[in-house]
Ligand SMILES: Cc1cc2nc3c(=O)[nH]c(=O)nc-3n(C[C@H](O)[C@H](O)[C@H](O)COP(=O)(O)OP(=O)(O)OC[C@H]3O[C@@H](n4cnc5c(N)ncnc54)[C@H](O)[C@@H]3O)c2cc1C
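Below sits a lone chain in C-alpha cells, taken as the form predicted alone.
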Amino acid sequence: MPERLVVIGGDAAGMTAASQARRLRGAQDLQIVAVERGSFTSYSACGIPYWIGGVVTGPDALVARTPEVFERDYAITVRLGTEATVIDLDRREVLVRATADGAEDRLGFDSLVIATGASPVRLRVPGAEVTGIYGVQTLDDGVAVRAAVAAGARRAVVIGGGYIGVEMAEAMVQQCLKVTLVEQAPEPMATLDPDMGRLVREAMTGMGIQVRSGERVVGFDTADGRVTGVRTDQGTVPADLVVLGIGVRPNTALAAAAGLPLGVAGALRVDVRGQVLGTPGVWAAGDCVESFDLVSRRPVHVPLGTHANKQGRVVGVNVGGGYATFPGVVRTAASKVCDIEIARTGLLERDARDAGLRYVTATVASTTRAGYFPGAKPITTKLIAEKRTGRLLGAQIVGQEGAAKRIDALAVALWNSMTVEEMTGLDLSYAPPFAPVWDPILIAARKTAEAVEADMVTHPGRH
C-alpha cells in the first residue's frame, strides 16, 4: 500500500507542497489527496483586486492549475467544496464534510500538510453580519464582490488601509464607484511609518478617494438585510457595499482543536523544515504559520503569497524525502493605489523599538529617472539603521512609476546584514531613462550613514 499525504487547503502553500512531493515520489509510492472548501485551486489571491477592478480578466486567468490538471498531470486528487472539520492525530485521520450536502468522510494519512491560510478580520459591531459586507481573501470572495458591483453598487466603503484596503479602493475607483476609505489609525498603510503613510493618504485624496483616518467603525446601517451605511465614531458614510481590509488572522482553529502548538498571532509553530513542532509527520505552510524575522530575530506572522509558495515548496521537498529549509523573512512587500507605488522591507520604527533596537532614520525625495528625462516621477525613500553599527534595519518607498521595485535592492542589502555605509558604494545601474546618476537608494544610504556618524559624534559614550 502506498503512503498517503493529505493536504488541507488547495491554494498556494498546499498545492505547491503537494506538487513538489509528487515530483520527488511517484504515484505508486505516495497517494496525495487535497481538500479545499472553496471552488478553486492554485489561484493568485494577490490578483483578485485587479480582476475586480477590471485590469485583468478572470477568474480563470488567476487560476494557475485546475483540479483536472492536478489529477491528470500530477496524480493528485482534489476534493473541492470539502471542509476539514477534525484532525485526529491519534488515529491519523482527518474528518471532512462536503459543503453542499453535509456528507462526511474520514481520510487516513501518513503525512499531513496544513495549509488553511488566513481569514479577514470581521468587525464585531451591530449590523456586521448583513449582506453586502465582504472580506477579500479567496477567489470566491472576489466573485461575490464582482457580483455586487455588477448588481448596481455605486458607493463603496473600504474599512482598513492596509494592502487589501488600498488595492480594493483602487479597484472600486476603476469600476467608477464613489469610494471612501475608513482607517482607525492616523494614516493609512500601517505597514509604513506614519510619515510615509501620510504621503499615501495625500495621494489617495488627490485621486478623489475620501480618506477618513483616525475614525473607528462602531456599526453598520442596514435595510432589508443589506448594508446601507458605515457608522464611525465621527459620523455615517452611505454604502452600497463594504470591503473589509483590516487585516487577517491565521486559520488555525482546526489545528488548535487538535492540540497543535500556536505562536505569535495564533499562527502554527513550525521548525525550519515546516514540520509542526513536536508532531512528526504533520507539516504546515502559508498564511497559517509563523515565520522567523531575520532582522528582529523574533517570530512573526507575515501572510504573503511569496512566503506561502516558498514554504509550500520546502514542505513538499521534505515530505517527498528530500531536505529543505525556510530560513526566514525580512517582510518585503509592495503594493499600489492607482499611480502611487508603495513598498517596504525590514522593520518599521515601532518594530525596531519593540525589538529593543536603537536607530536613526533618513528620508530623501528624488526622482525615478534623471530629472531632465521625460517621465521622471517623484520617489520618497526612507531608511532605518541601527545606531553605532549602521546596520540597515528597514526601508520604505512611496513614489510613482519605477519606485516600488527598488525595494528589492534594499531587501537584498537587508538580507545580507549590510550597513548603510557599505551601501553607499553599491554598484547600481545608471541610465537617464531608469535613474538619476545618484540613485535614490544611494542618496538615502549616504544620508542615513551621515545620521549614524552624527549620532556617534553627539553621543560618543552611548552603546
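A residue's number is simply how far along the shown sequence it sits, counting from 1. It should be emphasised that the depicted structure is a prediction, and the values quoted were computed from it without experimental measurement.
The same protein has a further form, the form predicted together with the ligand, not shown here; the description that follows concerns it.
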Checklist outcome for this item: Of the candidate stretches 193-201, 339-347, 279-287, 261-269, the one with residues having heavy atoms within 4.5 Å of the ligand in the model of the complex is 279-287
Checklist entry - Is residue 305 close to the ligand in the model of the complex, meaning a heavy atom pair under 4.5 Å apart or at it? => result yes
Next on the checklist: in the model of the complex, does residue 35 come within 4.5 Å of the ligand, counting heavy atoms only?
Outcome noted: yes
Checklist entry - So, in the model of the complex, is residue 183 in contact with the ligand at a 4.5 angstroms heavy atom limit? => result no
Checklist entry - Given that the partner is absent here, does residue 170 sit within 4.5 Å of the ligand in the model of the complex, heavy atoms only? => result no
Next on the checklist: Please tell me which of 317, 84, 130, 330 lies within 4.5 Å of the ligand in the model of the complex, judged by heavy atoms.
Outcome noted: 84
Checklist entry - Considering the ligand in the model of the complex, which of 412, 426, 55, 46 comes within 4.5 Å of it through any heavy atom? => result 46
